[in-house]
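Considered here are two forms of the same protein chain, supplied as structure tokens in two stand-alone entries, structure 1 and structure 2.
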Structure 1
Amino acid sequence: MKAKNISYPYPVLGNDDDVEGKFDASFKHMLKRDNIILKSRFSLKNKTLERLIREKKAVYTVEVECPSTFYRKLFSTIETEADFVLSSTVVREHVSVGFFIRATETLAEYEITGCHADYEGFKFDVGPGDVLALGGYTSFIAEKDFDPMQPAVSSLIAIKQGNKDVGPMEIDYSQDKIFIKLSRKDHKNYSQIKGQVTIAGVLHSSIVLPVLADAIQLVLSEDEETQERHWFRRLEVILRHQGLEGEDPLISAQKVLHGPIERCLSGLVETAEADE
């Protein structure tokens, strides 16, 4: 559920420069055993909308959507802070959350303070459910063990043996995890060293880093072929939470992997010193 490029028939706060003012939402989710708590906080600066909410003619809405489970639900409040609860049995994997202010009833001759000069002097008929302000979107992964700040690489990428005896590694982005397929010879060598702590940085730098950077590029370019895969959605959440959406993919990949080059070189030095 991403921001859609919609041309509204009336001024909407948060849509380009339609209206002066501000509407922001901050959001946290807590995964419990049986339910998920959605903690939302709203910050609004616009006289008209503040008044409409006071009069209950408009509400803040938190709109939750989970494409994996055919789930969509709207929660509404007139409070600037509100917690909503949903059962943990109704969502799975990637959950999108959108924030809006919507009319609860027909607002005849609607006009809003601070509207762009293009709208000045015009009045509009707004219906119940119509959007009055856009507060952005976020998303989370409905899985207790998933931490977008410290993601386990294994939740995104798996290394396995391919079909060729020798040759370059091949990447399969078409499944729910990214599969790096090593030749039989490479996989045999990889299997011998993969558990060693000092080697983790080397493996991350040489095998995982280029693949992750490529995968991040696919996410940033909103690749249509892979965007429904779990790894894509997880990576999207990781990039958003770590503030990496505007970064170069190779830099982002290094940050997600927590400095693989440094860990690689340190590991190699450690191994060399141990050999001496």
Structure 2
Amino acid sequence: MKAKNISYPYPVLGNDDDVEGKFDASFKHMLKRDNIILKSRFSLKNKTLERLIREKKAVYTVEVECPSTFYRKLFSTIETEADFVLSSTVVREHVSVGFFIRATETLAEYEITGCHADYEGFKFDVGPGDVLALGGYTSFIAEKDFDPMQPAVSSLIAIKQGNKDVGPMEIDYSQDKIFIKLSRKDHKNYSQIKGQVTIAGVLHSSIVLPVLADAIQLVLSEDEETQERHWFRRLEVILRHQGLEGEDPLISAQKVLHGPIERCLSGLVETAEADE
């Protein structure tokens, strides 16, 4: 889960070192024909917040937001395991999911066990809906055909003809897909061989692999100029689901493409043996 540290006027668990303890959330989603099931699990370790939830003065909340449709909704529960359902018509493409603990009523003179020394001796007025703990953020793609473990490269990258007769390929990261622009000469040759099975690995290794590695570097560095693009968000989900967020971008790109170097060499061997 990604965390976003924000400045609050009172101590919040999970916000830097404001409060000792732990608040974690695990999440899975299931895409059905007419709805989406959000399966959330919470783990909390802080006596004050545990008590407030038992007393229903605070709740676990799941915030769902879809930039494509402007949908935003909060789901809440006092249970450590809960499933929430939303219509599949209200979200599209990238969906962001955040996890919090929020107050359900006014908490006058609020204080929390394990708070940082900077907050000791102070009491705060917390209102309904105010955040008491942060559990991080995750996201998913609301598209039944999208599989982050077996992603179609075509959902991220497209190869097309550029404006130059000859020369090196150019990369455009500014669109919803990454566009690899080949010179007219290169694109003509590419068009003649792209449908051949034995050539697929060669194309992935020589054209797609370096571009994907560079794109992964942009995702890991949270590049501000591209992070709102569909390819960025899809690649972010792919890396998280495949456990590649801590890997070297070039290694990650090879894993996402399922061994392009091996397939490239195997294809070249098949071609050489056929020629013989």
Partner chain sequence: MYVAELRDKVRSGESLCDYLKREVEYPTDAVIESTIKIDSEKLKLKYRGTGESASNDLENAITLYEAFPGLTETQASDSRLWTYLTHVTLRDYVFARWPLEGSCEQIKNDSRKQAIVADFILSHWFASGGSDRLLRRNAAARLWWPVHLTHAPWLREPEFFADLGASDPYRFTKILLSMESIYAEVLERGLGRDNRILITVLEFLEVNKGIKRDQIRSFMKELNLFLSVRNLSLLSRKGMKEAIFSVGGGAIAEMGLDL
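Quick note, the numbers are simply positions in structure 1, starting from 1. Not measured: the values here are computed from a predicted model.
Trainee: Have a look at both and say which one is the form predicted alone.
Mentor: It is the second structure that is the form predicted alone.
Trainee: Establish whether Leu218 belongs to the same rigid part as Gly135, given the two-part motion between structures 1 and 2.
Mentor: Looking at the motion between structures 1 and 2, one finds that Gly135 and Leu218 are grouped in opposite rigid parts.
Trainee: Return the inter-part rotation between structures 1 and 2: the angle in whole degrees by which the smaller rigid part turns against the larger, from C-alpha superpositions.
Mentor: Angle of the smaller part against the larger: 10 degrees.
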